[in-house]
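Listed next as structure tokens is one chain, alone, in the form predicted on its own.
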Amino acid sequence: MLKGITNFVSRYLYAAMSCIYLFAAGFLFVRNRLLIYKISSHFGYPEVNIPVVDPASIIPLKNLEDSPVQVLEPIGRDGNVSAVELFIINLFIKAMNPVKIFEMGTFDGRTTLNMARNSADHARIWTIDLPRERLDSTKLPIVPLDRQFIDKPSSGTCFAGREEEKKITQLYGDTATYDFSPFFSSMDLVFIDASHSYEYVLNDSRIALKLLKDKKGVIIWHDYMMWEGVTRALKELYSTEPEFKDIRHIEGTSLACLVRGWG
């Protein structure tokens, strides 16, 4: 009994001193800000919820009457979008008919392949991936589970050698340091499915907005409400930055989207 009380008092004092540090200076570090986020949620801090929408309410399906969606490689693997999500992304491509598309996070290129198949013959897609040799030298932190998606022999294996590859330009680099300026204000659609860390999602989202032509077009994110970093970053953007106030969560999926000046 006495030992149990002693252990509790010791842990209590340690936790109290840790809290003093956390709120005095520890909040300056990302991993500690996440802890503050969890503490506030635990004690009932009201959560921000991005509105949920039916895909039919934001994608003009009437534009698809004469142009059916094609889904290639419907069976995915860990790290891919689901078959339903792939279909919805393809719906965006068919309905919007983007000429220039930018993808952050190639992985095996399954989504890239589908965007290429469903886009116009003259459309172009640029897709960027972090090469495995940069795995331990990224500017921003990555979450440990992301390593398995980065540490691979090559990117874009799903579209390599296929007819759709002629539309695709493979880029390599760290999105936190890559020079995107040649692509600014030129893209019709941006798909974000790269690092799932809070810091990278914020970075990639802000870059994506700069990539849109006159800040008009569509940004689509994958893994909202699936990865903590993605969810926290998108909720923060939605609630604090006016440019992202129209983010919507697509019902029944882990996709979020921002539609600006289209539809």
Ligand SMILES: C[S@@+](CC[C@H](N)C(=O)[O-])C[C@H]1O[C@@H](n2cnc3c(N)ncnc32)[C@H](O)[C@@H]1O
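In case it trips you up, residue 1 is the first one in the sequence shown, and so on. Computed from a predicted structure; not experimentally measured.
Quick note: we don't show the form predicted together with the ligand, though the next part is all about it.
- Using a 4.5 angstroms limit between non-hydrogen atoms, Y200 touches the ligand in the predicted bound form.
- At least one heavy atom of T175 is located within 4.5 Å of the ligand in the predicted bound form.
- The closest non-hydrogen atom of R162 lies beyond 4.5 Å of the ligand in the predicted bound form.
- Interface residue remark: F107 is counted as part of the site for the ligand in the predicted bound form, having a heavy atom within 4.5 Å.
- Out of the listed residues A123, V81, A95, I168, V81 is the one that sits within 4.5 Å of the ligand in the predicted bound form by at least one heavy atom.
- By the 4.5 Å heavy atom rule, the three marked residues L91, D188 and K216 all fail to count as contacting the ligand in the predicted bound form.
- None of 190-198, 47-55, 231-239, 66-74 except one has non-hydrogen atoms within 4.5 angstroms of the ligand in the predicted bound form; the exception is 190-198.
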